[in-house]
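Presented as structure tokens, the chain that follows is alone, the form predicted on its own.
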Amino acid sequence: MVTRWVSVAVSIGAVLLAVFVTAMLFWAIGRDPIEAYAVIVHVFVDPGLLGESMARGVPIVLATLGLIVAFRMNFWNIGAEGQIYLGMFAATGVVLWGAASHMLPPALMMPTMVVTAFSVGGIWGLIPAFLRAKLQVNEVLTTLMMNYIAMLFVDYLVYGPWKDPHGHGFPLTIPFPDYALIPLIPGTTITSGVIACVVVAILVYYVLSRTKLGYEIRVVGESASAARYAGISYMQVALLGMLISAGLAGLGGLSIVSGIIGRLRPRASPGYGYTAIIVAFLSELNPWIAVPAGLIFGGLVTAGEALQAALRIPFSGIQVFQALIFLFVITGEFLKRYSLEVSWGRR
């Protein structure tokens, strides 16, 4: 195993290499790489764009923290995107019910949305966890396929029963009232969801490092068979771990409809759940690193839109950038974990 400093250096080198390769791609399509990166840097220094970047980073951070829990127990949860959509569905359902019934006081709206989004997202994650623990069904397949079920279910709602009757035919729900929106930090353009991300990171760190469940998650992640031999119930750990993992992704969905859009619409997540997989590996499953890394990737999403407007670079360009970071980080992880020996045959 390599030292901590070498590990960090390899990760930084992977990101820098991805930046260099992306610059070559910008140059290949006839765009000035320096101008393109100037646009990206501007996103992080302009107060208005920075606030937008932070808002877009919140769902990425929350989903990443959830994935860290799942990945720590060696459960490959690829379904954060679908769990985000279930969180959006749950939060929106609370708002619509509250608006229609007038039975939910404004002061209780946001707490109810938080509890409901976490619960529904978490329950959605219990399905692949149960199938893995009970029937040994590969969780990569189940979580990935369930993403499409969740997205199409939300499409059905916004095109059908939840469509705003005064929305001129657009597939949108009614706008959320002010008391159902995530407020800004007073005196800034930054959403208070960033504070929630820090609090959740502290809780995830505490659970993983200071509780019995965290110990069992680590043991299961090292060896499921050894965990069973030690008397640890794999079923119980898998269910509880995925309840937390998917529940946090569900909170990411809440932050989208209440902190970015202000209502539910089709394809409200431009792949935040998949981006969270990149951030989880980039942060080396460390909750403290996940917060700044996720917020930076939120800035990259905003930068993608800025590049579209300024240089007419398609949004797929920023997705290529993210994919390159993921590719180089995974390559770096491989090099850190395995040493290659080359034996030269004698002539």
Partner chain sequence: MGAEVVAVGVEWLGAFLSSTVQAGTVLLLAALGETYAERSGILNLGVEGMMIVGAAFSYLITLATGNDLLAILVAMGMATLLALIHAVISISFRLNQIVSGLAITLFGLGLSGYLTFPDVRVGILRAINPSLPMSMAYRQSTPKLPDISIPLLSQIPVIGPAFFRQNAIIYASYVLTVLLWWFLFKTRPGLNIRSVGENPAMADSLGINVYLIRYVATLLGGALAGLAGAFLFIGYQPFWVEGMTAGRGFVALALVIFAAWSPLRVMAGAYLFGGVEALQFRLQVLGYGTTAPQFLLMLPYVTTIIVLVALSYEMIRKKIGVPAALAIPYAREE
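Residue numbers count along the first chain shown, from 1. Quick caveat, the model's predicted, so the values are computed rather than measured.
Below, we turn to the form predicted together with its partner chain, even though it does not appear here.
Have a look at Ile123, Met145, Ile195, Ile202 for me and say which one sits with a heavy atom within 4.5 Å of its partner chain in the predicted complex. Looking at the other structure, the residue within range turns out to be Met145.
Consider the chain as shown here, without its partner, and state which of Ile185, Leu96, Leu131, Val115 has a heavy atom within 4.5 Å of its partner chain in the predicted complex. Contact check passes for Leu131.
Its partner chain contact at Pro314 in the predicted complex, heavy atom, 4.5 Å: Pro314: contacts its partner chain in the predicted complex.
According to a 4.5 angstroms non-hydrogen atom cut-off, is Met109 in contact with its partner chain in the predicted complex? Met109: no, not in contact with its partner chain in the predicted complex.
Would Ile29 count as a contact of its partner chain in the predicted complex, using a 4.5 angstroms cut-off between non-hydrogen atoms? The answer is yes: Ile29 has a heavy atom within 4.5 Å of its partner chain.
Using 4.5 Å between non-hydrogen atoms, is Ala14 touching its partner chain in the predicted complex? Taking the distances in the predicted complex, the answer for Ala14 is no, it never comes within 4.5 Å of its partner chain.
With the distance limit set at 4.5 angstroms and only heavy atoms considered, check whether Val19, Phe44 and Ile190 all reach its partner chain in the predicted complex. Result no, not one residue of the spot touches its partner chain.
Going by heavy atoms within 4.5 Å, which of 277 to 285, 32 to 40, 293 to 301, 54 to 62 lines up against its partner chain in the predicted complex? In the other structure, the partner sits against 277 to 285.
For the stretch 139 to 170, return the residues whose heavy atoms include at least one within 4.5 Å of its partner chain in the predicted complex, in the order they occur. Contacts from 139 to 170: Val140, Leu141, Thr142, Leu144, Met145, Met146, Tyr148, Ile149, Leu152, Phe153, Asp155, Tyr156, Tyr159.
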